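Shown next are two forms of a single protein chain, provided one at a time as structure tokens under the names structure 1 and structure 2.
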Structure 1
């Protein structure tokens, strides 16, 4: 079955200047994906006639569906309607239904319908009107051969209403689209290139109708499997079989799928094992605790935390030995070992974790440069430590440390579950 391709064009200087954030194209891409339409390009152009017309021409050469937002207001800088009329060699005349709808809208608001607003009901004769139940600018549907152009207002709630009520159903009637099914596999604790190397043979042997994409984010890599076909149940089954083949190769790095989060995976593992956790964090300043408690129901396993940022608190509240800090420093394996074990005992938790490091951008030394961070995990039977070496960016260092700590907890909980099952 032929893929149906779409291009999204956003019109407006305010988008290019960064004065308004374009959220429309993201929403439209998701909505189109759900009906089997593949978005191949998203373009933003300013309020210049020649550039807009060129964007129309290039999009028509590439795509089956061209969706346009913006430039439909009543003022002189709103160029979309006259340029679409020019592009389709069409005259513009007053559309009776559009005029009735905009007149009714102004009457309901108790406002006078000015001539400027009345002109919004004047539409290119080559288009089919799309009703706008939430605003004054109608949408416009154009057909040329097997191509479709649709113009909509840039106001997000107006666009979404039009897309949902009229445009998406019309596209499904006009085009025969395949089913597109995605499965997101989420990993932590391994970089993109190392993961790609581990699963290379599996990737090469994927069926032709299933494609793999690597989507790296900070400290994590998502693997997106996209299957295309005509039967959703078959696509789900095909993808599930490929996931099962992947598990022996990368299973220890996989913490979840689709909407799962790492902190949610940790929470589920804590509940499943009946374990509780406490946190002592210095360089992360409470960020680990915030992630853990962002999951609903975390009170079932989160005992509490302490942020002993100053060494005096590490010594007097958390009971890290003064001699340990004097000999090895606050940023050391010896210190985080005591932090993790003592917070576990202090808060009567099964597991204690700790962080201490130099988040930056200042404070580093030749021996311990910015980005040097120690983390520890203690559960009464074992204490595991890791030395992390990150960048000079404070926020990145904190976020990466949080991911490393949560992943350390997850991996050890999963080992315990495997032992229990064994």
Structure 2
């Protein structure tokens, strides 16, 4: 089956100048992917007639579907409608249904219809109107041969509503689309190239209709499997089979799939095992706690935290022995061992974790340079410590430490991730 290809054109100086973050194209990409349409290009251009017309032409040569957002406002710098009329050799005239809908919208808001807004109901005769239930600019659907152009407002909620209610169903009707199935495998605790080494054999034996991509983020690597075919159930099964083969090679680094987060995986593992956690964090200054509590419902397993930033509080509030800090320093294995165990007891938690280190950019010494961080995990039966050695950036050091702490908890909860395979 031939792939159906789409190109997304965004029109507007405000996007090019960086005054607005474009979140529309990501949303559209995901929505199109789900109906088996492959986005092959995104283009953003400014409010200039010739450049926009050229972009239409280039897109028509490459793609089957051209989705255009922006440039539909009522003012003179909004060019999309007249340019589409020109591109499709079409006159523009008042569209009775569009006029009725915009009049109705203004009536509901208790406002008078201005002439500028009335003119938004005039549409190219060559197009089919797409209703805009949330704003004043209707969408426009054009067909030429086997290609479709659709123009929508750039306002995110208006675009999303039009796509969902009318455009996606119309596209599925117009084209016969292949099925594309994605599965994201999420890992922590291993770098991209080490992971690639470990799973090399598995990667080369993947069937031709399943493709692998490495998507690294800070401290984590995601593996994306993309299967293309005609039967969703079959694709799901094929991918699940490949994931099964992957588990013996990399299972201990895999914390979840698709929308799962590491903090969510830790939360689920705590819930499943019925355990609670408390945190004593020094150099991370609240970042570990913030991550844990970013998950709704975390009050079921998160007891609380102590952030003894000043050393005297490590002693007075967290009861780390004064001698420990004097002999080994606040950034030491001995100190985090006491911190993790004491916060666990003090907060009546099953598990205590601790961080102490030099986040930077200052405070380093030759023996303990910036980026030297100790972490500890204690559960009453065992205490596990780990020394981390990162680079100079404060924010990165804090974020990497959070991931290391959460991953340490996850690994020790020994939840068998295999049973989570959907």
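The term rigid core refers to the maximal set of C-alpha atoms that superpose within 1.5 Å between the two forms. The structure displayed is predicted, hence computed values, not measured ones. Numbering follows the first chain given and starts at 1.
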query	finding
Panel number for the form predicted alone	1
Residue 386 C-alpha shift between the two structures of 2 Å or more, rigid core reference	no
Yes/no, residue 253 Cα shift of 2 Å or more between the two structures with rigid core fixed	no
Cα displacement of residue 356 between the two structures reaching 2 Å, rigid core superposed	no
Distance moved by the residue 153 C-alpha between the two structures (core-aligned, Å)	6.0
